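Just one chain is shown here, as structure tokens, and it is the form predicted alone.
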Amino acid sequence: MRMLCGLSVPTSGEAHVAGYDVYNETEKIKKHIGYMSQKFSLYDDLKVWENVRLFGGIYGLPKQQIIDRTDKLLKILNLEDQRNALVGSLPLGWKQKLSFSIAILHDPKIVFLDEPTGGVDPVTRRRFWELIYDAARKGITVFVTTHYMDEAEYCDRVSIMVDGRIEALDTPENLKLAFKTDNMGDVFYALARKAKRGD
């Protein structure tokens, strides 16, 4: 994921993100993507509205647009009453929603989510996927890493890596057909058995 975000240089292969080459156009890539880390990239000691405006500035949005989008975002998330609350005081589910919404504040072509639902309960996980669906309906490509194979069922396309290489890439339905199973967990285990573990 660091390579696709333009933060690390690949040692081999080819890749383009949002139409830009990962070797030579990393700065252009950074302008057209959003990113949400596993640990939530918000600042706990800043207020909710301060986090939104900070990242709006980092993404290069004009001042008035930042103000307008901050108000709109807080209304959509029903966080208007929590506008001045420190992010650190919010429940985990609210932090998660806010972090994702900030990651797409600048309407990126693609957003990378690094295990965004780790450590949250199943109900909150399902609600978070509704946010992902909303982003996809707006034309944003959503790239998710997850260890929850039930989440793979929600995706249009799944890539499973073994020993740093892509071993499977297809729709969940096609992968299940290919491996003669009715769940993605079995697909994953079948591929994981091929892993060469060091001594």
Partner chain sequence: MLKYLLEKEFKQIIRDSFIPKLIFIVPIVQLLVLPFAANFEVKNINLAVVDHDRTQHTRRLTEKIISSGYFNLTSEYSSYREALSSIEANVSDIVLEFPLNFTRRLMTDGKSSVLIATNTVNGTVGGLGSSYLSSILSEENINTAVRVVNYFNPHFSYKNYMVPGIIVFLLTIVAGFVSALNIVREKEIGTIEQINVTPVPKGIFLLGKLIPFWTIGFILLTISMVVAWLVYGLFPVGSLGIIYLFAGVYLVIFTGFGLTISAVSSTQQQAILTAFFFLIIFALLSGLFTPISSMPEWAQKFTLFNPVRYFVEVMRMVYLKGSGWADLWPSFVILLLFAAVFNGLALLCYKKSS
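Numbering follows the first chain given and starts at 1. Because the structure is a prediction, the values reported are computed rather than measured.
Keep in mind the form predicted in complex with the partner chain is missing from the figure; the text below concerns it.
Participant: Among 129-137, 152-160, 166-174, 41-49, which stretch sits within 4.5 Å of the partner chain in the predicted complex, heavy atoms only?
Facilitator: Single hit among the candidates: 41-49.
Participant: My question is simply whether R53 lines the interface with the partner chain in the predicted complex - judged by any non-hydrogen atom within 4.5 Å.
Facilitator: Yes, R53 lies within 4.5 Å of the partner chain in the predicted complex.
Participant: Does S37 make contact with the partner chain in the predicted complex, using a 4.5 Å heavy atom cut-off?
Facilitator: Answer yes; at least one heavy atom of S37 falls within 4.5 Å of the partner chain in the predicted complex.
Participant: Using 4.5 Å between non-hydrogen atoms, is R2 touching the partner chain in the predicted complex?
Facilitator: Contact check for R2: yes, within 4.5 Å of the partner chain in the predicted complex.
Participant: How about I33 - does it come within 4.5 Å of the partner chain in the predicted complex, if we only consider non-hydrogen atoms?
Facilitator: The answer is yes: I33 has a heavy atom within 4.5 Å of the partner chain.
Participant: Could you tell me if all three of G19, I76 and L113 have a heavy atom no more than 4.5 Å from the partner chain in the predicted complex?
Facilitator: Verified in the predicted complex; spot residues all out of contact, no.
Participant: Does anything in 1-30 come within 4.5 Å of the partner chain in the predicted complex by heavy atoms, and if so which residues, in order?
Facilitator: Sequence-ordered list: R2, C5, G6, L7, S8, V9, E27, K30.
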